[in-house]
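Here's a solo chain for you in C-alpha cells, the form predicted alone.
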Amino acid sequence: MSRLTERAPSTLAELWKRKGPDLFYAGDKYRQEWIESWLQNPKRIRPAGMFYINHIKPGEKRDMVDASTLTNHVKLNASDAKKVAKILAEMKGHEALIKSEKHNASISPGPLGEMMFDKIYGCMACHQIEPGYGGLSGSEIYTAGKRLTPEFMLSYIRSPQAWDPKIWMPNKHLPDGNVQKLVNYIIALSKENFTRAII
C-alpha cells in the first residue's frame, strides 16, 4: 500500500510490503499536470513492480519480469483525475528538503551526464534509460523529467535515505555539479520520443 501519512517504512519488512510509492510528499515529488494525465492513462513506471524480487523469473541470459504477477493501476476519468491530482499536489511532507534545493538548468549535462548515469555511477544497473534498456529493479528514467520536479530529483539523488530511510538506492555523496548534470540529463532524456507498452 502507499502511505498517505508522514512516516516512511522504518524496517525492511515494511518496505517489502509497500505496493506503491509513498504519497504523503506527492506534492514535493510529482508535477501536478503529470499526475492528472497519468491517472487517466497509467503506464508502469517500475518494470518489475514496486518490489523487484516479487515479480521476476529466471531468463535465458538474465532475470525477466514475470508479467503474470503484476496488476495494472486503475484508470480515472478526467474529472476524478483532476480532483485527485489537486489533492496529491497539496501533500508536502518534505517541503524543507525541497526548499533547500536550487535547480541550475544552465548546467549542460553534455556527454558526461549520460556517461555518469550509465557507467561512472552505475545508475543504469537499476534504471532503464529507454524502454527495455537498463535495469529492472528501479523506476524507469526516460519519463522522469516529465513526472518529477527538478528539486525532488536533486534532493533524492543527493540523499535517498532522507526521503526513504530503508531504500536500497545508495547515497553516492556526489558533488553538486554532478548532481545538477545528472538531473539535467534526466530532463533532456524525457524530451526524447520513446514509445512503450504497459508490461
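Keep in mind that this is a model prediction, so the values were computed, not measured. Numbering starts at 1 and runs along the sequence shown.
The following text describes the form predicted in complex with a small molecule, which does not appear among the structures shown.
Considering non-hydrogen atoms and a 4.5 Å limit, does the small molecule approach Ser139 in the predicted bound form? Ser139: yes, in contact with the small molecule in the predicted bound form.
Would you classify Lys172 as touching the small molecule in the predicted bound form, given a 4.5 Å non-hydrogen atom cut-off? Because a heavy atom of Lys172 falls inside 4.5 Å of the small molecule in the predicted bound form, the answer is yes.
Considering non-hydrogen atoms and a 4.5 Å limit, does the small molecule approach Trp168 in the predicted bound form? Contact with the small molecule, yes.
Although the small molecule is absent from this view, report whether Tyr156 comes within 4.5 Å of it in the predicted bound form, heavy atoms only. Close contact exists here: in the predicted bound form, Tyr156 approaches the small molecule to within 4.5 Å, heavy atoms only.
In the predicted bound form, which of the stretches 67 to 75, 101 to 109, 81 to 89, 117 to 125 has residues with heavy atoms within 4.5 Å of the small molecule? Within 4.5 Å of the partner lies stretch 117 to 125.
Check for me: heavy atom within 4.5 Å of the small molecule in the predicted bound form, for each of Lys29, Arg147 and Phe152, yes or no. Answer is yes for this spot.
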